[in-house]
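Take a look at this single chain, the form predicted alone, given in structure tokens.
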């Protein structure tokens, strides 16, 4: 038998092109920038606990050497777990922004599991900022010692981070600040038999504590509402300016620069492309934060 092969008419082949499954260059570049800024934050402001600091240092350096790790969700999951484990172990002493930093590392993990990681990360950043300020505001309103100014009154007298402001705006002198510090040490000394000490302060400290208290409440309320508001409407259009004002004003008084850096990263992530100049404002705020870190007292000879 002979096999009969029937010639069928050939259909024209469609013009097929290979599908590019790699992330868009702009998206990759931006995500890489956000990842690098986060890694630098983890390195520059490390945990004070060695069992958190050493693993994070190894992870961060590895991500700088092997760039693909910065786009690997598993890497950010491990990083988030290390940060959160340290926070859980030391929940009573760890700074507030360490919790936010743990959530942020987890956000990087979550966004890399989606098809649009940059958009997802921006949405998470807005919600993290909004609810962080909302819960902070709720705590302050619920705390009597904050509303009456006691919290900042105490901080201005004994917290070294506020010392420059206390002397510059509150009228305190080195002698008064040192006397308060001595009295405080006598109170908390292990063999102390005294129940209370009298702290010395000026009228300027009382006024300054009230001003800082109410300014904090107002600016945190405005930031929370503006970031919760629907995008492109009303107060939401000004949310970046409110956040930058908060950063510049708050960390000039209380230079917790790790917190400010975290907020700047999240602010950069969520700001809209149509407001390109806002990115420059965030970077300017970052530079100003570093200026806040200068030892002005030593430069001006205030300790001599």
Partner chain sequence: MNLKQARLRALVWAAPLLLCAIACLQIYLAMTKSLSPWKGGGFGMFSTVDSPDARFLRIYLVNGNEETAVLVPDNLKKLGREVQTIPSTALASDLARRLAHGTWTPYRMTDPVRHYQNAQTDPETLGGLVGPSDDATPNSSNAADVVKTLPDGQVVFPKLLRMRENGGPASKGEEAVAFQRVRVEVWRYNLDVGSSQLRASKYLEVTADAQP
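Numbering follows the first chain given and starts at 1. Not measured: the values here are computed from a predicted model.
Quick note: we don't show the form predicted together with its partner chain, though the next part is all about it.
With its partner chain left out of view, which of 199, 217, 168, 231 would have a heavy atom within 4.5 Å of it in the model of the complex? Contact with its partner chain in the model of the complex is made by 199 alone.
Counting non-hydrogen atoms within 4.5 angstroms of its partner chain in the model of the complex, say which of 71, 77, 207, 135 makes the cut. Flagged contact: 135.
Candidate spot 177, 224 and 242, all three touching its partner chain in the model of the complex (heavy atom, 4.5 Å): Answer is no for this spot.
Does any part of residue 153 reach within 4.5 Å of its partner chain in the model of the complex? Heavy atoms only, please. It does: once its partner chain is placed as it appears in the model of the complex, residue 153 has a heavy atom within 4.5 Å of it.
With heavy atoms only and a cut-off of 4.5 Å, decide whether residue 63 touches its partner chain in the model of the complex. Result no; residue 63 lies far from its partner chain in the model of the complex.
With heavy atoms only and a cut-off of 4.5 Å, decide whether residue 94 touches its partner chain in the model of the complex. Residue 94: yes, in contact with its partner chain in the model of the complex.
Does any heavy atom of residue 35 come within 4.5 Å of a heavy atom of its partner chain in the model of the complex? Contact with its partner chain, no.
Taking its partner chain in the model of the complex, which residues along 98 to 127 bring a heavy atom to within 4.5 Å of it? Sequence-ordered list: 99, 100, 103, 106, 107, 110, 113, 114, 115, 120, 123, 124, 127.
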